[in-house]
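Only one chain is shown below, in structure tokens, and it's the form predicted alone.
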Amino acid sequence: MHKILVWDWPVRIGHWMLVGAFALAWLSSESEAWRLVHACAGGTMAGVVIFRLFWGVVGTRHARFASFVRGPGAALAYVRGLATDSPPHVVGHNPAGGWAILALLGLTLLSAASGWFVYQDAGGTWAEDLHEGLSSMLLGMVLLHVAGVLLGSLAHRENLVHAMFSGFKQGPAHAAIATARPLPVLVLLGCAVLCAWWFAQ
């Protein structure tokens, strides 16, 4: 096992942009004075997710959905391994985490879309109720994701939060990505800014 580069810049920057935008959206959700900020935060989240879906197809090895989306059986086996303190080590996202990533991306898009309808005063109370329900589900999924990261860090004796800052994890040398791919971050930022602007109209 070596210290190897696993997470590229687009994955890391996108991850922390989602964290910050979600926190801002949640804190501003009950204030009419912060309505524009709330809409921009939701748009930013939508833009990051749209880029992440693209990057999940053409990105670096461990960013691609094909590398970490596994069947339900693999996810359950990993969770059982956590319960017995013997989960298999995975260089990228583990099988259970892969399903959590898909759920987070899907709920973020649905929550942002319903929020846009509310901001445009379209749909009436059903849109507001839907947005609140989806946002609550997203919060629950975020908390579950955080718990999974903490459990995984303890089980593998590896700081997974730090890895999402540095990009480095423990793994065999052949599993490393060749470059952190900084240039696509400009596309990520462009998507986020464009969607934030569109949501604010």
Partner chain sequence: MKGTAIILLVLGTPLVQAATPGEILASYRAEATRVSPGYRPSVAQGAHLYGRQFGVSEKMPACSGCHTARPSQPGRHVVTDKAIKPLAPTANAERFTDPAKVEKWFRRNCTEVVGRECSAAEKADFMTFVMEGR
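All values reported here derive from a predicted model rather than from experimental measurement. Numbering follows the first chain given and starts at 1.
The same protein also exists as the form predicted together with its partner chain; that form is not shown, yet it is the one meant from here on.
For the options 104, 74, 110, 90, the residue carrying a heavy atom within 4.5 angstroms of its partner chain in the predicted complex is 110. When you look in the predicted complex, the only residue of 160, 151, 175, 134 with a non-hydrogen atom within 4.5 Å of its partner chain is 134. Only one segment in the set 141-149, 62-70, 27-35, 48-56 has any non-hydrogen atom within 4.5 angstroms of its partner chain in the predicted complex, and it is 27-35. Contact annotation for residue 130: at least one heavy atom lies within 4.5 Å of its partner chain in the predicted complex. Within 4.5 Å of any heavy atom of its partner chain in the predicted complex lies no heavy atom of residue 99. Contact annotation: residue 125 falls within 4.5 Å of its partner chain in the predicted complex, judged by heavy atom distances.
Interface residue remark: residue 121 is counted as part of the site for its partner chain in the predicted complex, having a heavy atom within 4.5 Å. Contacts between 165-201 and its partner chain, taken as any heavy atom within 4.5 Å in the predicted complex, involve only 201.
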